[in-house]
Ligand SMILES: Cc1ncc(COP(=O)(O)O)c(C=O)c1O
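Okay, so here's just one chain, in structure tokens, the form predicted alone.
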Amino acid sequence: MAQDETPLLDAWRRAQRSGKRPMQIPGHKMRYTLDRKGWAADLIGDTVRDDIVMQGGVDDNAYSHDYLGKAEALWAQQVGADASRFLVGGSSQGNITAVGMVADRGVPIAIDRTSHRSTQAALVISGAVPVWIYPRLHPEFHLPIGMDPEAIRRVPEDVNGFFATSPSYIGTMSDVASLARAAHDRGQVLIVDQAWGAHLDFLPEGGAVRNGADISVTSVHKALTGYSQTAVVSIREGRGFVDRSTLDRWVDLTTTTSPSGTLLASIDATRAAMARGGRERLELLMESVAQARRRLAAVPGLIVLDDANAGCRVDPMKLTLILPGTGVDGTALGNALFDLGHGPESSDRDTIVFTASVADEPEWILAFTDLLIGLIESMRQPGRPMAPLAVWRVEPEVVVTPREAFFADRRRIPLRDAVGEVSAEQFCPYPPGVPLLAPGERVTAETIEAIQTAGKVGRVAYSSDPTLETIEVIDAV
């Protein structure tokens, strides 16, 4: 098949035009696809108009036409993988799949501590023992600047493999090729969570798989154009570390049995669009982001993260601003942008992060830059020192595995009284979605302070008490 073919998208379009009135699920019966005259159409019609299920919709009940398989093969061909699987559970599903493919119950697996909270879910499901690799932190900005290949060489030999996150939430990137060489020299697997870098697969230097990763997870809905919650997990089989049958087993375990053909077709459409003109589009956008960085760097006191000052490569589609020199509060700046309809990816007191995508227009990036400069100048205050975010500096004591903690008997106590206890739950500032405290880790006074501070400036997710006044701890260790 050629990259200009769209087998899944074509099948979706045929289903949309077919006028089917199925006597099976979904319950809306595709009645609102053709017109707005169905029952309660004023409430329901717009929300389900494009919803076409795979089974009995885009394909038949047996998937006998294999439209999905053909589309997945085209994606794999495009990104340099041996096999790819489309996901409707986001990169969270991809990370659970990837760790599950490699991990064994009670066996150590080495994981980048800046990794998304979905890796904790993978540890609960697999029963593996985390060996945390802590990020290199920039000496001035105190932000993560990627995993050091030497850290891989220092990890005990009995780990099953390595899990790295690149790009990070703030756009800093690891040298995946060097990580892959270090892992493979030890005869071990490298997984890369490339959720924020799906566009890298369509650049000349390629993404994680082309640079040596055995498993790569990418979010199609972040810097590309898939529906929300679409992602892809891809593998390279040739090195003998992973295989297609294990990939299929874990994707099938973690996915829904009623996947949306619409979501999946948006992945096929995105791949074809990127194959047709994505590289040229990315080059335009990357130049616009580079211009935006130059303009912003001229603002007194403002630091713009880039390859020159970060100490590593920075995602060319990210704008990460370091604000203390301007005196501007990043949370207040983020709120002002939300009020204007231009919400940032994330903001805290000292940093604010923006994500550009192929759907942006170059002229909009530059117009937004001018707007942003005006806001910064209007909010300028005396400069201040930078306060490092606790989430990037966590070095937990793992007392029991996340799985053991998740299923353990638990009791609820005041958070302020929990020093020395072992957490049975997770406290995760969102964004960036990296845990401050995870199941099985010792609670410290520093952790409690970090949780309370995070709760004052944003959302701390996945804890059982949204007030952050109490915590569930393991009843007996």
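Quick caveat, the model's predicted, so the values are computed rather than measured. Residues carry their position along the shown sequence, with the first being 1.
We do not show the form predicted in complex with the named molecule, though everything after this point is about it.
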property: Options 408-416, 59-67, 425-433, 439-447; stretch whose heavy atom lies within 4.5 Å of the named molecule in the model of the complex; result: 425-433
property: Answer option from Pro316, Gly89, Pro396, Pro324, heavy atom within 4.5 Å of the named molecule in the model of the complex; result: Gly89
property: Of Leu190, Ala195, Ala103, Val176, the one that lies within 4.5 Å of the named molecule in the model of the complex (heavy atoms); result: Ala195
property: Exercise: His116 in contact with the named molecule in the model of the complex, heavy atom 4.5 Å; result: yes
property: The named molecule contact in the model of the complex: His221, any heavy atom under 4.5 Å; result: yes
property: Partner proximity in the model of the complex: Phe162 to the named molecule, non-hydrogen atom cutoff 4.5 Å; result: no
property: Close approach of Tyr169 to the named molecule in the model of the complex, 4.5 Å, heavy atom; result: yes
property: Any residue of 297-323 that, in the model of the complex, places a heavy atom within 4.5 Å of the named molecule; result: none
